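First, one chain by itself in structure tokens, the form predicted on its own.
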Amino acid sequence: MDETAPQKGSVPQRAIEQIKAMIGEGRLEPGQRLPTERDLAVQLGISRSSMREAIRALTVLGVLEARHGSGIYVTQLEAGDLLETFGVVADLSRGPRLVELLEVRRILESTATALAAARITPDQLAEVEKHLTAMNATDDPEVILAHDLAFHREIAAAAGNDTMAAILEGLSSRTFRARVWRGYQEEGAFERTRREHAAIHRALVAHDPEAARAAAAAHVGEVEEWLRAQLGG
């Protein structure tokens, strides 16, 4: 059991909800220093130990941060920080749960790629092309993996939706992608994947959102089918 996660309905959990409400209502702003642990405990009518547990849990979640010698602050509440722990789900998931995550990724990545086709700048497109060229220049799965992650990360950034990009980052388990690329190497499937990446790139160059959506969905769909085959259907 995660010792940083208070039980639902417990005093620390209620404190977490109250602090979240204070942030949501604007009584605590991003970057603002919290009252001292003692003062906040008094304000919320709980013990200091319960307040300490609530603060620890919100720090793990990326809502609060401790600054040495200065106190506890609300973070900037960036989507990437708040969703960072989401990536643990992808890293630890196996079997049918991993297929479910891929289904979610297919939906989001196709949408992000369509948005990117409409919004991508010349500089962003150049970055995508750089990683595409690097992937095509090697058969080393580790090198391909690094550029594959960067290729999709650049596209997600070009979509202009930080929250969607953060969720996709969480769904992009490096551990799982490494397993896929090793499997592709054994099956001689690199060329197919290169064709899929090329189709995505062509749609971005053409600024064609629907072609980009279809190419990205097909790409993730192939990974989905590969995993289903690995799991025996």
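Under this definition, the rigid core comprises the largest set of C-alpha atoms superposing within 1.5 Å between the forms. Quick note: we count residues from 1 along the sequence shown, nothing fancier. The model shown is predicted, which means the values in this text are computed figures rather than measured ones.
Beyond what is shown, the protein has a form predicted in complex with the DNA; the following relates to that form.
Taking the partner from elsewhere, no residue among G26, G62 and T75 has a non-hydrogen atom within 4.5 angstroms of the DNA in the predicted bound form. Note that among 162 to 170, 196 to 204, 176 to 184, 66 to 74, the stretch whose heavy atoms approach the DNA to within 4.5 Å in the predicted bound form is 66 to 74. Using a 4.5 angstroms limit between non-hydrogen atoms, S10 touches the DNA in the predicted bound form.
Remark: I46 counts among the residues lining the DNA in the predicted bound form, judged by a heavy atom distance of 4.5 Å or less. Using a 4.5 angstroms limit between non-hydrogen atoms, R192 is distant from the DNA in the predicted bound form. Contact between E37 and the DNA in the predicted bound form is found at the 4.5 Å heavy atom cutoff. Taking the DNA as it sits in the predicted bound form, the stretch 83 to 105 never comes within 4.5 angstroms of it through any non-hydrogen atom. Here I55 counts as shifted, since its C-alpha moves by at least 2 Å between the shown form and the other one after the core is aligned.
Shown in the overlay between the shown form and the other one, fitted on the rigid core, is a CA shift at I16 of 2 Å or greater.
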